[in-house]
Structures are given as C-alpha cells and as structure tokens.
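One chain is shown next in structure tokens, namely the form predicted on its own.
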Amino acid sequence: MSSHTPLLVLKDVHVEVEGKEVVAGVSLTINAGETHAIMGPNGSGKSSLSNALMGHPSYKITRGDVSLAGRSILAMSADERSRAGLFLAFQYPLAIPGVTVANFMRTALMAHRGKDADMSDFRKLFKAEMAALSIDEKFATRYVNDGFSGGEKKRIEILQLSMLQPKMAILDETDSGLDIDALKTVSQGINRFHNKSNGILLVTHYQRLLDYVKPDFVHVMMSGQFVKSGGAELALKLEDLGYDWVSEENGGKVTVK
C-alpha cells in the first residue's frame, strides 16, 4: 500500500540513443510502497528508459528531470545513483569472470554502506539471502554469471537486490528466460524485498510475472510514450487482446513493432 510519499518522479523525460529519440516525453510518479509495471511491445522504449534512469552512458536524457526521494539524479553517475538508492536488474546480466559471487556482493554492499562500514554481518546475511532464493551455496565461489543459466543469472540479480535494499528497484524483464519454478522463486524474492518504504518498477512484456508480483498501476508504452495507464486489470486485458487495440484507441498514432 502506498504511503503517498513521492519516491521516483519522472517529469517529461526524453531519451536519445546515438542521436535518435527513443523515449518521447514520459512523466510518472511512484510513491513509497507502490509497484508499477511498464508493458509494451518490442522497441517501445521500455528498456531504453530503464537504462537511462540508471545512468547508462549510451542512453542520454536530453529533456526533463528525474528525482529520487526529492533529489534530482541527472547529474549523478551510475554508481552515485546506486548509492542514492536506485537499483536496476538487467534484462541480460553480464558475466564477470574472475570475480566470485561472494566477493562481488561484499564489495557492492561495502560501497553502499561506506568504506568504514561494519561488515561483520555479511556472511550471515549472504547465506540467509541465498537460502531464501534457493541458490546453492556452491555459487558463492563461482564467478559472477559465468556459465550461469538464464534463471541462475536472474536469481543472482534478485540476491543483489535483497542484499542492497535500495529505495527504488527497476526490474527490466526479470521474467525473461525463466521457467515456472524459477519465476516463482524470483517473484518470492521480489515480494520479500518490497515494503511500504520502497518502490518497484517492473518492465515486462507479459502478464505472467504480474500473476506473482501484483502491480498497483500498469502503464502501456508505445512509440516512446505512455499511451494508457490503469490498474492490474489492464495487464489482463493486454494478455487477452494484445497491443493492437491500444494503438487503435490512440487513432493509430502509436505503432506496434
């Protein structure tokens, strides 16, 4: 349930990639305690928006503003945005050969807590969060995402989410490549993280993730814009009818790619 405290606020955000506008004026307010979902066809700008919010250098916010907990983040680097409480779970998590999962998680947590932070609880916290996500302890000594299956990579992303406890989590197609068992486990991890003090922005093509992680609001993105918003029932309608009806409702001004 929302506490009506603005957590992530987007005001008329425009994003360019290699000089091409891919997000064409998006505004959104996510309050603490809320879960929002962005749905849309391929090429609609969903992942571009996610990457731009996190500070990916290839995705440039050319107009508008983005604030997290009342503070503009546009001048912040990606790591500064992370320390401020913004988190992005990638659609395609990268492998990091030579860096173990345990060392990666410890380094990330230390960066968030500060160099003089007490890390005496790390081992206990790390083991508890791995167990909650049904991740075998052997993964602690494996290199990050090196040779991992799609489901294993996504569980490591949610493990990082659980360890860092950000204010705002952006989950970019976390359900892609997951079988039903992995989807349930990952969804449980997301729900366990979520509380009245943080927010979640889910980016997805499909209803199936939303069967387990219930959104308060659903936004349909097409041609780089939000063209329709509603409650959880909107996702069900999209599952039944696809996106063509949204385009028709907008007079054909937005396209399904």
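Heads up: residue numbers just count along the shown sequence, starting at 1. Since the model is a prediction, treat every value here as computed from it, not as a measurement.
Heads up, the form predicted together with a small molecule isn't pictured, but that's what we're talking about next.
Student: Please identify the residue among Leu10, Val22, Leu234, Val246 with any heavy atom within 4.5 Å of the small molecule in the model of the complex.
Tutor: Checked against the cut-off, the match is Val22.
Student: Consider the chain as shown here, without its partner, and state which of Gln207, Asn198, Gln225, Ser48 has a heavy atom within 4.5 Å of the small molecule in the model of the complex.
Tutor: Filtering the options by heavy-atom distance leaves Ser48.
Student: Test of understanding: in the model of the complex, would Ser44 fall inside 4.5 Å of the small molecule by heavy atoms?
Tutor: Flag for Ser44 set to yes.
Student: Taking 4.5 angstroms as the cut-off for heavy atoms, does Glu18 touch the small molecule in the model of the complex?
Tutor: Taking the distances in the model of the complex, the answer for Glu18 is yes, it comes within 4.5 Å of the small molecule.
Student: Given that the partner is absent here, does Asn145 sit within 4.5 Å of the small molecule in the model of the complex, heavy atoms only?
Tutor: Asn145 lies outside the contact set for the small molecule.
Student: Consider Glu173 of the chain shown here, and say whether it contacts the small molecule in the model of the complex, taking contact as heavy atoms within 4.5 Å.
Tutor: Judged by the heavy-atom cut-off of 4.5 Å, Glu173 is in contact with the small molecule in the model of the complex.
Student: Please identify, from 66-74, 185-193, 36-44, 225-233, the stretch that has a heavy atom within 4.5 Å of the small molecule in the model of the complex.
Tutor: Contact-bearing stretch, as computed: 36-44.
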